[in-house]
Each structure stands twice: as C-alpha cells, then as structure tokens.
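Shown below, as structure tokens, is a lone chain in the form predicted alone; questions about how it binds or moves come after it.
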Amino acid sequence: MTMATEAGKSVHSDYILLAGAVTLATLGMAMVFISSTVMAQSQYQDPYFFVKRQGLYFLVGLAAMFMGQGVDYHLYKRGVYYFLLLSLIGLVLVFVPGIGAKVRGAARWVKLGPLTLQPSEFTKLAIVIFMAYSLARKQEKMKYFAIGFLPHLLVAGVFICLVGLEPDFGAALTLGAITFIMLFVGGTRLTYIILAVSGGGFMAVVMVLRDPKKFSRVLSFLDPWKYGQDVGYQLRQSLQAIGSGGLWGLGPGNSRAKLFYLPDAHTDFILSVFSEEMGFLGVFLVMALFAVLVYRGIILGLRAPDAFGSYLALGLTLLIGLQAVINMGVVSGILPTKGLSLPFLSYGGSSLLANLLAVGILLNISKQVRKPGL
C-alpha cells in the first residue's frame, strides 16, 4: 500500500487483496471451463453452457466488487435491517412453488426471469453486516446474556434454521460458525458460547441419527472405500482424483474424473479436478491465495478506523476463509461430505457474486485504515 494521507487514511485500496481475489476468480473461470465441458455437451448439447453462465456472473461480480470498493462501508449500517428482511424473504421464497427451484430434493434457489439466485449466499453477507453493526453498538454490554448473546443468537438462529430446512447443512454450519466466532471476538462470555454450541451439537447428532441420508454421509466419511460404490462414491472418486494428480498433475484438460466419474465435478468438488490436473503444487497455490486473503482481511480488522469496520472485516474474512477450509476438508476426506462450494472457484453465480462483493467491501475498509504500510 502507499503512504497514508495527511488525514490518516490510505489513498488506495489493498492491491494485494484485490489481486488475490481476481486471481482466484479468474482461475475459477478456467477450471469451470475445463471441468464442465463434457457434462455440458451431454446435458445441453453445448460444451460452453456452464462457462458462459459463470462468465456472466463473473462480470457482474467484478462490477459488484468495484461498487463495494467505492461505497463507504459505514452506509451499510443504515440498511442492516433491510438486508435482513430481504434475506428472510429470499429464504422463504425458495419454498414457494413456481418461484423456488428444487434440485435433487433441495430447495435452495429462486428463479428471477432468466436468472437463478441462491438466497443463502446473500444471507451470509446480511448476517455478517448485522453482527458487525450490533457488536459495535453493544461493545460495553456484550457480557450480559440478555443483551450481548441472546438477541444475536435468536436473529442468526432464524436464518440458520431456514437455511437448514432447504436443506443446506454446509451453509447453515458456516453461518453458525461465523456467528459464534464474531460473538467470541465481540466479548460474549465463553460459557454462553460453549453451552450453545454443545446444545446445537447435540441437536445435530440427533438429526443425523434420525435421517438415513445424513447418517450415510457419516458412514462414507468414516470409510469411503467400503461404501465406495454407494454413498461414498463421490468421496472415493474425489480421493482417487487427488491421488492421481501427484505432485505435478496430469496437465490441464487431462482429468479423468470429469468424464462422468466424479458427479458435478465443476461444483463442490472442483478442487479434486484441479488437483488431478495441476497436482499438489497447484493446490498449494490455491491454498496460498486463500491464505493471503485471510491474512489481509485479519490485518484490516485490526487496523480499521472503528469497531464496525473491524467486526465487518472479520466477518467477511470468515465468510471466505471458513468456506474454503470446509470445502477443502470435504474434498480431501477430512470432513464429512456436505454441499458447500469453494469460494471463487466452484461453479455457482450467487456464490461468486456474493464473495466478490465481500471483497469489494473489504477493499473499501482498506481505503480508510489509519495506519500506513497495510
């Protein structure tokens, strides 16, 4: 970054953060193209079907990022409850016949003419903005249960439950994790968080045991090879693709997993295809780029000019970083399989748009830091 101005604010945005996000999004465009052409040709008789749609969202996402960069982040405080209301409406609309769209039993999308949006992706942004606003406003009272903990838990809980009903367990888990981490950083008593997480964990275990589909995912996670022709098929194919890539990979376009072995290779498991083609070194590059984004986001949180900016930077960084960690854990077999895309890389317009907008807001915060040398 350049030196700060006389007023104490930076002249430019964080170019390293900008470069990291754009590099990941561009890399994602290339990977969507490479991993989806065979399936697109088979399903739509157009090998470029998915990449054309992703390209449209990529352009809109870039526009949203630069818009977010130019809008003073303090203005989001004025619309925080409108953002929550719009998110609530979106999450309800996914269940309305004719408006909501179901794919494989999951009601996660809303049709808006030629566009299909996933409200849960924008709900994450709304929750982050709400939490940042509320934590900054209640700084001195965060240790009180009825002020600093319960209201946040109730508000976030409504959205987490709605997302879980879609069902989208991965997004619900991400929302819960972001909420509790922000509460902890904001000064809520750790006892409250531990009790809430314990209660939520118990409920999650009960839900898994009562749902054969969720329980089968746990079984496939514990032994993907035993259930490799059944519920563990996707994870087994993912692990085989990663193992086939070795250190250097098979080369761009040479993945075998995308030839209908790995289901929907261009979505949640796109990193498996990337690993197969580019090897461990390619995956290390992706991990390094995400590490840069997370590092720059944390630095922004520490140097933001006010509490709202600090909490907002933290929440947006968690939004990107947690999803990346969970997705990487899933495709490598470290975590149970769940539907959660890899930010910037996986096919999905809503995810790409929301994450680029999040980066734009971070860039605006970086323009207002009061310490040079960010």
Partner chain sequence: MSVKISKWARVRVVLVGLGLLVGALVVCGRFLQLQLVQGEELRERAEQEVWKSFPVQPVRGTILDCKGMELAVSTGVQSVVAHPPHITNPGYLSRELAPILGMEAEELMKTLTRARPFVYVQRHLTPEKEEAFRAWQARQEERRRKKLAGGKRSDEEWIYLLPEGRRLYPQQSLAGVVLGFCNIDEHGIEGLEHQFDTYLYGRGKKVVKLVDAQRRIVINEEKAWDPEVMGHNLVLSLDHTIQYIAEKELERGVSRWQAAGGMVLVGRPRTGEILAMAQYPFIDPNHYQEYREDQRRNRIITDAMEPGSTFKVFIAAAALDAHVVKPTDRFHCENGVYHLGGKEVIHDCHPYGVLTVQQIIQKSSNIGAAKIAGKLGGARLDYYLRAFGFGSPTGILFPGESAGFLKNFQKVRSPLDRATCAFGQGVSVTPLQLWMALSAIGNRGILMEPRLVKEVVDANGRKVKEYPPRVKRRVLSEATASQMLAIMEMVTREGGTARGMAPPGFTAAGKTGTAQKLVGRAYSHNKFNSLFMGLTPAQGPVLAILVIIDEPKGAVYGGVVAAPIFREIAAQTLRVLGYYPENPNPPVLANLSALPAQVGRQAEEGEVKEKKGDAGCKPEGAGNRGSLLQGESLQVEAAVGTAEHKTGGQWSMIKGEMKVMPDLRGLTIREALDVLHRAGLRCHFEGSGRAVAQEPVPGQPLGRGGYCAVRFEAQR
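From a predicted model like this one, the values you see are computed outputs, not experimental measurements. Residue numbers count along the first chain shown, from 1.
Below, we turn to the form predicted in complex with its partner chain, even though it does not appear here.
- Ala304 is the sole member of Ala304, Ala172, Leu91, Val286 with a non-hydrogen atom lying within 4.5 angstroms of its partner chain in the model of the complex.
- A heavy atom within 4.5 Å of its partner chain in the model of the complex is found for exactly one of Gly243, Pro252, Pro151, Gly199: Gly243.
- No residue of the trio Tyr82, Trp109 and Thr267 has any heavy atom within 4.5 Å of its partner chain in the model of the complex.
- Using a 4.5 angstroms threshold between heavy atoms, Ser120 stays clear of its partner chain in the model of the complex.
- In the model of the complex, its partner chain sits beyond 4.5 Å of every heavy atom of Gly339.
- Contact annotation: Gln43 falls within 4.5 Å of its partner chain in the model of the complex, judged by heavy atom distances.
- Under a 4.5 angstroms non-hydrogen atom cutoff, its partner chain in the model of the complex lacks Tyr192 among its neighbouring residues.
- Stretch-level contact check against its partner chain in the model of the complex with heavy atoms at 4.5 Å: of 25 to 33, 308 to 316, 57 to 65, 344 to 352, the positive one is 308 to 316.
- Residues from 173 to 187 that approach its partner chain in the model of the complex with a non-hydrogen atom closer than or equal to 4.5 Å are Ile181, Phe184, Val185, Gly186, Gly187, in the order they occur in the chain.
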